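Only one chain is given next, in C-alpha cells, and it is the form predicted on its own.
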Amino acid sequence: MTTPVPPPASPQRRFKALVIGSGAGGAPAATALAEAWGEGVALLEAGPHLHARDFTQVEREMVPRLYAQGGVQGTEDGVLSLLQARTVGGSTVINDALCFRPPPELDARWKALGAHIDTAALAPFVDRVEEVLQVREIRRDQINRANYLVGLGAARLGWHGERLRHNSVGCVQCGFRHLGCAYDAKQSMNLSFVPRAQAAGAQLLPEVEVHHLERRGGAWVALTSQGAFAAEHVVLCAGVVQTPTILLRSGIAAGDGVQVHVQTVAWGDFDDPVDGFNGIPMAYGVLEFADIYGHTGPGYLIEGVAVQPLGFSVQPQLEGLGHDEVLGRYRHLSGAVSLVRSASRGRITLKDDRPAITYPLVEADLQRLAHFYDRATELYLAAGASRVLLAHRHVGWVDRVTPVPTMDPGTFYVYTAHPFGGAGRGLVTDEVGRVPGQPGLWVLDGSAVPEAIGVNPQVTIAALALEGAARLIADA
C-alpha cells in the first residue's frame, strides 16, 4: 500500500482519542472513552459497517465480504490459516459466540511473562462485558445432534464436559454464525458495544484503513485511506495482524511473540443423519485435557463444531474419489475441533509494506495435536460412530485409535481463529498496555495478550480493554 498523502487537518478530524479497530478490544475501549469524553472519541474501522440485511447466509458471498483477505489469510508457508474478520465488530461478527471468563491460571503465567493480569480485580469488568453481551448458558434444548454426540461420547468415557455459554440469547439456531447474524441475535460488538459508544458520543468511521502513525507537535496523527486524523491519545485495537503492522510502519518495534490456539478437526461418521449444519455450531465442550480452571491435562479443549458445506469442503485432506466420499457423508458427520494452547511463537514482519506471518509449529504442539486425534477417535467411537475421519492426509478414516504416522506440518489441516500477541504486554507494551516511550499510545486488543489463553477469548479481551481504558482515562 502506498503511503497516503494527508490533506490539511480540519477541526472535525481532531479528537481527544482515536480507537483503531472495532472488535473485541476496540468497541469496549471506545465505549469507555466516550462515556468519559463524549464527542472527543472517534472509532476507526478498516472494514464496512454491515447490518442484518447484509448477511445473506450464502457462503460464496459472505466469506470474501467478511473475512480478512477473503478468507485466505495465512502464514507465508501456507501451513496455518488465520481466520479473522474485516468489518465493524471485528471477528466477533464471525465467531461462534462462545464466552468464557478469564482462567485464573493467567495470573501466574502472565507474571512470568512480564505482563500483568489480576483476574479477581478484572472481575467487575468481566461482569460488565457479560451483561452487555447478554451471556447465558446454552440451554439443553439448544444442543443440536452434532454437539449432543460429542457430549455423549465424553459422558460414556467419564470425561469432564459441559454445555457452553454464549452471547446469543435470542438465537434462532440457523447455523450461520460464521457468516454474520442475519437476525440480530448474536450480540457481537457491532450490536452491543459499538452502539453504546455511539450513544455516548463517539463517531464511528467505517472503511477507514490506517496505514501508520506519526507524532506531530505533541499529538498523534493517523495517516489513513481517508486522510489524516489527529488525537491526543491513540488506542490500537486493529487485531493481531494489523496492530503490529501499523506499529512497524510507524517505526515502532513490534511483531514478535505471536501465539495461537492451534486448531484441527475430526469427524465421527454415524449411520443416521447428524445434520450438524442445523442449530448452534458450537455448544458443547470437553475440558478433560485442559490445563486451566484447575485441570492438569496436556493443554487443549475439545469443542463440538459444525460448518456449512463450502467451509467444510476445504478441511478433509483426502483427494479424488476419497474426497467425493467425504462430501457424500456430510450430513452424517459430527465434528470436533481442538483448541490447543500452543507452545510455538510466531512473528509478523513487513514484506513490501504488507504483513508477513510466520508460525513454525514446535514438537510440543504436534504431540498435542496427535493426542487430540487419538482422543477424538475414542470419543466418537464411544458415541456410536462407525468410523472417524481425521483431517490428516496419511490417515483419513479410522475405526480404532491409530497412531498418526507423521505430524509434519503440511500433512494435516490446521488453522486458528484465535491469534494473540505481536504487541504483547511485557514485550512491546508495558505490563498494562502502554507503549513505552510513546506518550498517549496504547494497545488494548488481542495483540496485547501475551499468550494463548486456552479458551475462546472475546470476553477476556473485552474486559481487559475496559480495564485499560479506565487506566488511560485516569492517566490523562
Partner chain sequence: MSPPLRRRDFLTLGVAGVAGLAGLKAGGRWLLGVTPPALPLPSLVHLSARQAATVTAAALAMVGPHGEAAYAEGRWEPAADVDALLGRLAADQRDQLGLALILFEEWTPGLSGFSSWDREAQRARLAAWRTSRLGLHRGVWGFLHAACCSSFSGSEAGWETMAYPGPCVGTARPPGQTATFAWDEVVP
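Remember, predicted model here, so these are calculated numbers, not experimental data. Numbering follows the first chain given and starts at 1.
Form predicted together with the partner chain: not shown, discussed below.
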| item | value |
| --- | --- |
| Heavy atom contact within 4.5 Å of the partner chain in the predicted bound form, the stretch among 108-116, 223-231, 74-82, 287-295 | 74-82 |
| Of P103, G299, G346, G151, the one that lies within 4.5 Å of the partner chain in the predicted bound form (heavy atoms) | G151 |
| The partner chain contact in the predicted bound form: L350, any heavy atom under 4.5 Å | no |
| Contact label in the predicted bound form: T377 to the partner chain, heavy atom within 4.5 Å | no |
| Contact flag, L361 vs the partner chain in the predicted bound form, heavy atom cut 4.5 Å | yes |
| Proximity of A182 to the partner chain in the predicted bound form, heavy atoms at 4.5 Å | yes |
| Within 149-187, the residues that have a heavy atom no more than 4.5 Å from the partner chain in the predicted bound form | G151, L152, A155, R156, G161, R163, V172, Q173, C174, F176, H178, A182, Y183 |
